[in-house]
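Listed next as structure tokens is one chain, alone, in the form predicted on its own.
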Amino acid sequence: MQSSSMINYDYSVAKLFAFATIILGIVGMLIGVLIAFQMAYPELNNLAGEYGTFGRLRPLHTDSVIFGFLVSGIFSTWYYVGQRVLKVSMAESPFLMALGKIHFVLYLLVVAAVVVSLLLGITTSKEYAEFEWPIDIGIVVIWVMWGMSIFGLIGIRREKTLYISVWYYIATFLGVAMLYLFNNMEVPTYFASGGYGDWWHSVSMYAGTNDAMVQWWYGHNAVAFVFTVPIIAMIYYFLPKESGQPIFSYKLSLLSFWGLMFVYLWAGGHHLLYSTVPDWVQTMGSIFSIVLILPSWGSAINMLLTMKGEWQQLKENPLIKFMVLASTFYMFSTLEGPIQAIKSVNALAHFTDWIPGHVHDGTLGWVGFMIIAALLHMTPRMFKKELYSKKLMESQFWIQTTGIVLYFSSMWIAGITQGMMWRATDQYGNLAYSFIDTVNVLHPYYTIRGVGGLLYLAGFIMFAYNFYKTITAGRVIEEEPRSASPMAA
């Protein structure tokens, strides 16, 4: 049997998806900053006619960040982590190598189709499921190809024990496959009506309240199986590897895994509180959201306790900073979400800016920081180069952290202010404020939110520059580092 130290891992596909992660991240975040400032300064909606309006750009922002930056990061880390934990190189299977490269090309084609269709206003108008049926078919093909890569690599592995990260990647594949297929069942109207309308247009197979329940079963669990599960897979691999510390508790990682798998799937009803869905569905969504704190915090505490006795590494290694703060933001976000799912709190919070505040402290802090740390850990090992600048990483960390704090704190204040103004009544029982009154009051908070997003984008561009300079000008390293990534001062 070949020794794991002798295996020549092939990172060609991981590199391609790493480049896509960075490019799509910049595009998605740039659009996000623009639409944030459009909220504060509406005249910015006139920059490019109908193609530059908030309504046209907002789905492009969410989908380019989720299905561009984030999914590219998931694919990139899998093609890196999968080989290493299974002790097998993709180069040993010509089929898997060809599959990985075709996977990347088809992924880029579908991304291009998404960008064009959303800019043209071709959309199903379903949150996180805006794509019409031809693009949905392309996404299903891409996802099946990734699944073939996962199980193909598992099938030829040398390491018989499946490390916990592999469990989470498998769960990501299976969970998203189930959710996407059921929520995106649709009828192409052109073919069903004998040639009326556009050939790409479709309507959902579900109607009314049923459509809403399936949509938010999907929407909430897209957060579970795209924003949460694969990021946990990453940190369970990259934090021990970067710190040189073993995971605090493998048993706790398994307990949290099964807790997340069971509980998360039942919590989507909290998106539909005070709506036409049955009251028992709303109550179940709230209860399971509260219970969700346990497996979520189990994972986060396990990550933080991995650093027990080694906290000095926070001073020495910016990658550890990113991962530890990512875990901390995960704890905050998975406490804030259940609080918002309590019916009495939701009555104040629903439809307010507190909700995007909650979403973004998770995506910017937990997801963004973890993918950045993962790619920085992978770079010296994929390209055999020392990371270009530690100082640049330190500056990036503090600039982005400041941006996140400005973002979520301004949205907390704006959201609670909104909720209270909408509910306020005068002595006669009439509403005390008009809608435009709330808009005027919130203007400074929207401006602060835009500034926070701009700082985060600036930090991400610094990360992209550091990545580029590492590849092109980093000092060559002769031997792969066992733990902490080598970096220039």
Partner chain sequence: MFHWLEKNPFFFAVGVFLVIAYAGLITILPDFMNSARPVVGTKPYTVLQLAGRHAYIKDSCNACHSQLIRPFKSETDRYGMYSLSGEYAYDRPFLWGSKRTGPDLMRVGNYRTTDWLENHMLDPASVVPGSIMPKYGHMFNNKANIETAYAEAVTVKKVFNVPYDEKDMPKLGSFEEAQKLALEEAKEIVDNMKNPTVKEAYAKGEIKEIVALIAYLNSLK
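None of these values were measured; they are calculated from a predicted model. Positions refer to the first chain, counted from 1.
A second form of this protein, the form predicted together with the partner chain, is not displayed here; the remarks below concern that form.
Chemist: Applying a 4.5 Å heavy atom distance criterion, does T53 contact the partner chain in the predicted complex?
Modeler: Heavy-atom contact with the partner chain at 4.5 Å: present for T53.
Chemist: Spell out, yes or no, whether the shortest heavy atom distance between P59 and the partner chain in the predicted complex is within 4.5 Å.
Modeler: Answer yes; at least one heavy atom of P59 falls within 4.5 Å of the partner chain in the predicted complex.
Chemist: In the predicted complex, is there a heavy atom of the partner chain that lies within 4.5 Å of any heavy atom of G175, even though the partner is absent here?
Modeler: Taking the distances in the predicted complex, the answer for G175 is yes, it comes within 4.5 Å of the partner chain.
Chemist: With a 4.5 Å heavy atom cut-off, would you call Q418 a contact of the partner chain in the predicted complex?
Modeler: Contact check for Q418: yes, within 4.5 Å of the partner chain in the predicted complex.
Chemist: Contact check in the predicted complex: G121, G195 and I436 versus the partner chain, with a cutoff of 4.5 Å between any heavy atoms. Do all three pass?
Modeler: Every residue of the spot touches the partner chain in the predicted complex.
Chemist: Could you work out which of A112, V105, A207, A98 is the residue within 4.5 angstroms of the partner chain in the predicted complex, going by heavy atoms?
Modeler: Partner contact (heavy atom, 4.5 Å) among the options: A207.
Chemist: Go through 138-146, 397-405, 89-97, 254-262 and give me the stretch that gets within 4.5 Å of the partner chain in the predicted complex, heavy atoms only.
Modeler: Going by heavy atoms within 4.5 Å, the stretch is 254-262.
Chemist: For the heavy atom contacts within 4.5 Å of the partner chain in the predicted complex, list the residues of 205-231 involved, in sequence order.
Modeler: Going through 205-231 in order - heavy atoms within 4.5 Å of the partner chain in the predicted complex - the hits are M205, Y206, A207, G208, T209, N210, D211, A212, M213, V214, Q215, W216, W217, F225.
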